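Let's start with one chain on its own, the form predicted alone, as C-alpha cells.
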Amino acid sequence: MLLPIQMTRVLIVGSRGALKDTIELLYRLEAAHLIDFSAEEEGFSLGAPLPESSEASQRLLKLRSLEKDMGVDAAEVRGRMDVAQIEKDLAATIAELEVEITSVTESRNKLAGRINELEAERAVLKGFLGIPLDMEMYSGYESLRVLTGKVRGDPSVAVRAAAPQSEVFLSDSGDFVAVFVAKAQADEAQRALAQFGFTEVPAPAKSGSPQQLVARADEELTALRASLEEAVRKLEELRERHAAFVKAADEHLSIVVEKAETPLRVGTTEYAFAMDAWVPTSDVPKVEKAIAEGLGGKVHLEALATAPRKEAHASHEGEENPKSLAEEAPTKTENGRIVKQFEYMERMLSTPKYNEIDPTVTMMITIPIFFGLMVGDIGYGIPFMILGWLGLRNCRSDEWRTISTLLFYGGIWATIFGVFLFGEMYGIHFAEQPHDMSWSSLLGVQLPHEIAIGGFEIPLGIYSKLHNVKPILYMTIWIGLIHVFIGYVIGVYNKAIRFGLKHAILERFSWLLIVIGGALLLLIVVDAMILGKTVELTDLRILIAAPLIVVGILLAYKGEGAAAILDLPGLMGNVISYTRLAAIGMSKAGLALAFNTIAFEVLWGHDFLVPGSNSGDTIILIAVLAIFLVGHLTIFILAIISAGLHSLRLHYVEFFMKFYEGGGVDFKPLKVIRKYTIEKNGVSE
C-alpha cells in the first residue's frame, strides 16, 4: 500500500478501577497509539503509576546492576523463559545473586585495586634497581635535599659544577639518577638536571633494597593475579548459570514497569479516566468489541474522527496553519517482506507523513538498479549477492541488514548489467576486443558476443565503459529525466490529496511540463551537437517543447512565486547529477584496467620457458595473483562505498525533493515485544 493506513482518533473513558484492565487489554490488542494527555484539561489530572510500579522498578534497578557486574551479553542468551516461572523465582534468585555477585565483585575490585597499586609501585622501584642504595637512604635528612628521577644522559659533571655540595648516583642503564645535595644548592642542582631532561620520580617511603622490594611485589602480584582469575572464573560461572534468567527477568520487569507507568499518559479524575488514542480505522470495530466484551460495560470507546488526508495550505510564504488531524495522525505503513527491507534506508531520512506516499516501493526498485549500473560487472555482482544473502540470514541490526539488502539486490542488477549491458568480469570483456584484453584472448577460447533465448539474439555486452562514454552519459541523462519525472508524478498525487487539485497543478504538474519540454529539447541538442544534424526552428519538437516550458514556468510562478524561477537551474543540475551513474562505473573500469594491465604485463614479461628461470616462476605467479587480488579487492570495497552512497544520494537529493516532505510520526501502539520471555497464552513478537 503506497499511502499509510488510515487512522481514526478515539476516546476511551471508563471507571478508574478498570484502568489497569483497560491497559492490559490494549497491550494485547496492539492497535492503540496512545496520545499523551494534556495536563491542562480542566477537571483532569495525569494518572499515577499502578501500585506494582514501585516494586518492579526497584527490582529492575537491582537486576540491571547485577547484570552489569556479571557482564551479561545479550548475544550469548538463547531460548525463552515462562513468565510464570520468572515471577515464582524472581525474589529468591535476585536475593541469591545479590549475595553471591556482591561478594565476588567486591573481592574482584579489591584485588584489581591492589594489583594496580603494586604495579605502579613496582614501576617506580624499577628505576632505583640500578643504584646501590637501600630505600631508607633517600629520606630523613634535615640539611640535604634528595632528587631522584629519569634523565637523558649523565648529568654528574654538570650537577657537581653547579652544586659542589652534592653527590650524584647514576643507574647502570644511565637513565635514572639520584642526587643528594645541600638544601642551599638544591635549585642550582635542579637547573643543571633540567638540561638533561630530568623528570622527577619521588622515592617511595620504603625500607630495604629495591631488589628485595621488587621481589616481594612480584610474589604478591602472582598470588593476587591467581585470586583475581578465580574471582573472574566465579563470575563467569554465575553468568553462564544465570544469564538466561537475568535477561528474561529484565525483559519481564521492563514490561511490568512500562504497563504500570502508562497511567502517566492518561487523564484521570477521582472516579474515572479518559484516554486519547489513534487506532487504524479498520481495527476500530475490533477494539470496540474487545472493550465491550472484556471490560463488562465499565469502559466505553467513542470514535471521534477519521483523519482525512487533506490539510490546510499556507496562503503565504512563512504562514503557519493550526495542526489538522491529517498532520497529527501517526504513520503506519504496510509493506511486503522485500519492500520492508528497504524501509530503514527511507527512515534514515525521515518518516513519511500520514497523507503522503511512502517512497519505499520506489527505492526498492531504483536503488538496486542504480547500484548495479554503477558496478556493472559480474565479477563483483556475484560476490555482492553472496555477501548480501549471508548478511540477511545472519545479521540482526538495522544497519547491517540495510547494507546486506543493498548488496544482495544491487548484486543481482550488477550481474545482469555485467552480463548483458557491459559483458565483462573484473573489468575484462568476455568477447574479443579490438583495443583491450578479453577473456576470449586470455583463455584462448572464442566466447560468444550474444546468446539466443526464446528465438531472440541477446547481446553479451553492448557498451564498453571506457570506449563508449558518450552513449553511456546520454543514457544516464535519460535515466535522470525519467527518475525526476516519476518524482514529480508522485508529487502531483501528494499535493492533490493533501491540498487539492489546484495546488497539485500549480506546484507539481507545472514542473512535469517543464521536464517533458526539457526532454524534447535534449533530443534537439543531441541532433545538433552530437550527431551534427541541422535543426530548424520549425522542428516539431521545438514547437511542442517551447509552449510546454513556458506554460510550466508560468504555472510554477503562480503557485510558488519567484522561487520557481530560481529553481530552474537546480532542475537542470539535478538531471545532470545522474551522470554520476556513468562516472562511477567508468572510474571502476579504469582502476580495473590499471590493475589488470600491471598484473598481466608482469605475467607476460616473464618467460616461463627460459632454462634456469623456473626458480622465479612461482614468485612471479604469486606476485601476479597478489596484484590481481589486492587490486580487485580494493575496487570491490570502493564499489560498495561509492555505488551505495551515490545511489542513496540520488534519491535523497534529486528524487525526494520533488515530492517528499517527511516529518511524520511513527505509529507506536501499546505493545509488548518479547525476546527472552514467553507467556502461557502465546508469545508477543
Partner chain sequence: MADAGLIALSAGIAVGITGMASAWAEKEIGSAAIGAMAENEKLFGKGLILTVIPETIVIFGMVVAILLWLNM
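Numbering follows the first chain given and starts at 1. These numbers come from a predicted model, not from an experiment.
Omitted here: the form predicted in complex with its partner chain. The next part is about that form.
Residue V653 is the only one of I619, V653, V630, I637 with a heavy atom lying within 4.5 Å of its partner chain in the model of the complex. Contact with its partner chain in the model of the complex, defined as a heavy atom within 4.5 Å, holds for exactly one of V526, L473, L129, L221, namely L473. Of the candidate stretches 463 to 471, 154 to 162, 136 to 144, 175 to 183, only 463 to 471 has residues with heavy atoms within 4.5 Å of its partner chain in the model of the complex. Although the partner is absent here, G573 is a contact residue: one of its heavy atoms lies within 4.5 angstroms of its partner chain in the model of the complex. Though the partner is left out of this view, H646 does reach within 4.5 Å of its partner chain in the model of the complex, counting heavy atoms only. For the chain shown alone, S577 is a contact residue for its partner chain in the model of the complex, at least one non-hydrogen atom being within 4.5 angstroms.
At least one heavy atom of L349 is located within 4.5 Å of its partner chain in the model of the complex.
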